[in-house]
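Below, in structure tokens: the form predicted on its own, a single chain.
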């Protein structure tokens, strides 16, 4: 096919997407939020409408088509070199977060602040900071409203930590408490970017058991063990807050867009395996308070989980309907009456061999009626494929992008592939295709029974039963 028809078809996808968004917003009496807005109000009905399935589908097509048009028309050498330098955006974003730029600009309002005023609280170089913020503004994070004068936009405002600049500069350990998205962004642009720089090295010069993370940080310890050292207290806290922040990229009710928690009988036991704070199980229990919950994680996490539940659902704690267990999921599972074992963002952290051990421990403790609910993102491949045997699992089939878009929606779903690389670099694991889930579940003694793809989200709920 010649380039011109392809461009026209991509343009039509863009036009159709914009038409759909305008129609939905017009019917609701709303206007699509402007990028230039100096603050982000997640309670705004116009923001909430982005989760409407028709709008979400249009957004995905628009993102994919816009990126594919750019790739098609750009000088190939320029495109390749731009890709090779994308790390500069990450590095600049971390600077902006560490220097609390978003919060300084929030107080300044839409007129913005000169780089000299932004740099003053941290004694940073104003000229260099202006260049750093200009990189970000060029990528639509912040606005440059006048030469060297910057203001927030909707994207930068998503990183607002919710505290005064003075409080943020005064207490580093608590500076990320107000925004898990910011904690996750700093983790990506600090630990992950440093590790990613060694990805090629570990392929060209492999050493047994060594990951990019190990080479970057000069340690033989796995990430989870290293973070428990006292000198890494800030990194550990940032990591924990960042994991909780993953929910902010999904619709707020995503956990209820798949598995039917309401079908569980009163008194059913839900075991949140490796649950951290147990914040998602807490959402389930708040909606279905007749469920009993067991939150399991390493000892240092269970203390934080107790505090979290005491604040957010004290009634369940007082009623004895939630238990906090210090448990390593590589050891035998102590709960033998679980109706549901719940694994959210756990499976992608482990390669097949160690994950199989975890799954077998759960299988050994399972009853015939026990279900395993895995909440993860399922990888699409970028090539057109015919249906495989795993697609026959109820609910497993998924649509693909309309031609001439890449079947996996390309850049529209880039987040999924970034996570895949991040998890490999840090932990030696990654996201899985549907076939990959079927295989590892079978090795662990489970059979994939059905799949729920959560509307408006990249997450899926994979439900397995004892094999």
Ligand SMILES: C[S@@+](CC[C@H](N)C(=O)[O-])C[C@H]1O[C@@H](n2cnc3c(N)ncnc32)[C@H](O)[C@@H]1O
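Just so we're clear, the structure is a prediction, and the values are computed from it rather than from any experiment. Positions refer to the first chain, counted from 1.
Not pictured, yet referred to below: the form predicted together with the ligand.
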{"property": "4.5 Å heavy atom contact, residue 165 to the ligand in the predicted complex", "result": "no"}
{"property": "Residue 217, heavy atom within 4.5 angstroms of the ligand in the predicted complex", "result": "no"}
{"property": "Heavy atom of residue 119 within 4.5 Å of the ligand in the predicted complex", "result": "no"}
{"property": "Residue 238, heavy atom within 4.5 angstroms of the ligand in the predicted complex", "result": "no"}
{"property": "Candidate stretches 359 to 367, 90 to 98, 293 to 301, 74 to 82, one within 4.5 Å of the ligand in the predicted complex by heavy atom", "result": "293 to 301"}
{"property": "Joint contact, 243, 327 and 349 to the ligand in the predicted complex, by non-hydrogen atom at 4.5 Å", "result": "yes"}
{"property": "Option touching the ligand, based on a heavy atom within 4.5 Å in the predicted complex, out of 234, 169, 256, 224", "result": "224"}
{"property": "Proximity to the ligand in the predicted complex, single hit among 345, 188, 313, 261 (heavy atom within 4.5 Å)", "result": "345"}
{"property": "Contacts with the ligand in the predicted complex - residues in 274 to 291 whose heavy atoms fall within 4.5 Å", "result": "274, 275, 276, 279"}
